[in-house]
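This document opens with one chain alone, in structure tokens, the form predicted alone.
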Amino acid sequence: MTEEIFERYAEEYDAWYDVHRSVYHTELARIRSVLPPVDARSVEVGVGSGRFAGPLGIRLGIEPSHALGRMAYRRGIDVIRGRAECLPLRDDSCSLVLLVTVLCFLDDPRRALAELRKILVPGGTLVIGFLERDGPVVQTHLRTGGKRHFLSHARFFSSDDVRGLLRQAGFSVLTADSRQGFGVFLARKD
């Protein structure tokens, strides 16, 4: 199961952001460029070690991994243990949901997107950052087996796939930016 990988290799996962600092900062800047104002009802689902929520001012995260959740907590994030497919939040309770490099690790992306829609207020926004199936990171991994602990458990999507999943879940895509194999979509709950 994917959760076990993130438990076992949490330190390695978090260290990637230091080793690849320029890639991380580029992804962070691209998300920041579309992110609406963050408020007390904002949440990052799959908060990991807090590398995105913290700098973006999001103070609540959902994370299935204890090890990564502890790291996020140390970065100032209140962490609730949970999975995207069954969120431990009330319906219509969030103004903004952030999902970064999580879609590829979900057991049931359709169910997860339906859950995200449920917790968002009417007109609430969802920002998704994802590794694109045809992008250089994924293609290098497929060719060489790099990042074996993590990406070997991933199922990758194209931008068109993600756009379709969002529409099926009841979201309108407001902006879509695909560069260097990392897609960033801003969507609104219909």
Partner chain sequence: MKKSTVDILCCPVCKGDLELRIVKELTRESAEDEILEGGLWCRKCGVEYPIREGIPDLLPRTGDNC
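Residue numbers count along the first chain shown, from 1. Note that the structure is predicted; figures quoted are calculated from it, not measured.
Beyond what is shown, the protein has a form predicted together with its partner chain; the following relates to that form.
Looking at 66-74, 159-167, 23-31, 120-128, which lies within 4.5 angstroms of its partner chain in the predicted bound form, counting heavy atoms?
Contact criterion met by 66-74 only.
Going by a heavy atom distance of 4.5 Å, is R111 a contact of its partner chain in the predicted bound form?
It does: once its partner chain is placed as it appears in the predicted bound form, R111 has a heavy atom within 4.5 Å of it.
Any chance L56 has a heavy atom within 4.5 Å of its partner chain in the predicted bound form?
L56 lies outside the contact set for its partner chain.
So in the predicted bound form, does L60 come within 4.5 Å of its partner chain, heavy atom to heavy atom?
Answer yes; at least one heavy atom of L60 falls within 4.5 Å of its partner chain in the predicted bound form.
Please determine whether V79 contacts its partner chain in the predicted bound form, using a 4.5 Å cut-off between heavy atoms.
Yes - in the predicted bound form, heavy atoms of V79 and its partner chain come within 4.5 Å of each other.
For a quick test of understanding: in the predicted bound form, does each of E44, L99 and K189 have a heavy atom within 4.5 Å of its partner chain?
No, none of the three is in contact.
In the predicted bound form, which residues of 76-109 put a heavy atom within 4.5 Å of its partner chain?
Those in contact are D78, V79, I80, R81, G82, R83, C86, L87, P88, L89, R90, S93.
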